[in-house]
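Single chain ahead, by itself, as structure tokens, in the form predicted alone.
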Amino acid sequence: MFDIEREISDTKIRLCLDCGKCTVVCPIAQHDSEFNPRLIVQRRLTQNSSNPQDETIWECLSCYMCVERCNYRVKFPEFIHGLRAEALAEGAQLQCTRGGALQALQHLMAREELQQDRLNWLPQDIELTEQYDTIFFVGCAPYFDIVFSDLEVNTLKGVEGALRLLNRVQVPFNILANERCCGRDLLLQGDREGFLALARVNMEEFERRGVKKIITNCPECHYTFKADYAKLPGGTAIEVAHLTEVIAPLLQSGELSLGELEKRATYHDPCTLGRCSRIFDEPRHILAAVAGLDVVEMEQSREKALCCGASPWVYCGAVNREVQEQRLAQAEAVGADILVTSCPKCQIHLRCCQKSGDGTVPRVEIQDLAYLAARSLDSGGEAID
């Protein structure tokens, strides 16, 4: 049951001062004059039953740039998620990308009786433990590479790179053969029932296996397990770490050394890893440890980093493409050979922009951070090429 008063309280939406700072920094508002965060709030707070649904609620990227700028930290994206849940409950139909394939996969994975074998891609030389005290959570990369094969993306390279780095520093871990999606995209879409179904089966599996720590390379899995699951009834107390939080300290202590790569690179901060999880330094420590790598910052970086223009696989259109082109142009402006990121979705969206562009879109190479770091190693790099 949708409770607007609870949504207002939880998101602190009435603290909005109507100053417009959110609109000034919003990537969508910069390209679409019809999109205005504070006006969306005003329209909903004055809405009556005869008003139609506000279609602009589907344009928000959930990049949290507005929250970063707001003096009162009003949780506008989360208010939008609530409005989407309300819209879906009232019969709104999602305009899904890729024919709704990813939504269908997420709902299939929420079935308790589902038994998967998701490890066919796993290189034979990756060492796993027998126990499940610490697991590496792969995420949806095996599915992404199939669904987006026309974009020639290989997000599993990032996963394999992460596993090789963990093996190199002898961090023990196992992988669940019946792993499910974390559910974050459903949550962002407003499909709270679908999200809760995935959360339940995941938490049950973690408890059954005795999981005490989760390491993930996907920023959205990291934030979902650490922040969203913790809010649920009976929420997990499992320790959650992003790969960069594991690797960066070992580089700084000298327990791990990376190899050499003669390139100029720029780092793209994923919104969820950066503004949501506040992980800004660790990825840069890893890049700094690669000898010969010239690392340069884009015009917008760290807390002010521009979003990749992503959506939770819904309502992706011309405005999203303009945001993506802007980000790629920022990478080109600093002369980067490689745009490095820690997020598979950022890779997919930016690569999609390059593939479907008119030939003027910057062709900077896009790579996963873990893949780049593993590739630089004196040995083991060739195996993931």
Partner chain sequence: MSRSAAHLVVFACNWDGLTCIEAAAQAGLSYPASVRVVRVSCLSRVHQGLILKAFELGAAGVMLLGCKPGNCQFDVDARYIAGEYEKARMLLRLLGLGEERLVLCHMARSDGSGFVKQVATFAQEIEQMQPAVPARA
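Here the structure is a predicted model, which means the values were calculated and not measured. Numbering follows the first chain given and starts at 1.
Missing here is the form predicted in complex with the partner chain; even so, the following discussion is about that form.
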Item to complete: Check each of R73, R118, R302, R192 and return the one that places a heavy atom within 4.5 angstroms of the partner chain in the model of the complex.
Response: R118
Worksheet entry | Among the candidates A101, A92, L122, V296, the residue which, in the model of the complex, approaches the partner chain to within 4.5 Å (heavy atoms) | A101
Item to complete: Look at the stretches 279-287, 142-150, 74-82, 309-317 and give the one with heavy atoms within 4.5 Å of the partner chain in the model of the complex.
Response: 142-150
Worksheet item: in the model of the complex, does E113 have a heavy atom within 4.5 Å of the partner chain?
Response: yes
Fill in: Contact flag, L105 vs the partner chain in the model of the complex, heavy atom cut 4.5 Å
yes
Item to complete: Considering only heavy atoms, tell me if M109 and the partner chain come within 4.5 Å of each other in the model of the complex.
Response: yes
Worksheet item: Using a 4.5 Å cut-off on heavy atoms, which residues of 205-235 contact the partner chain in the model of the complex?
Response: none
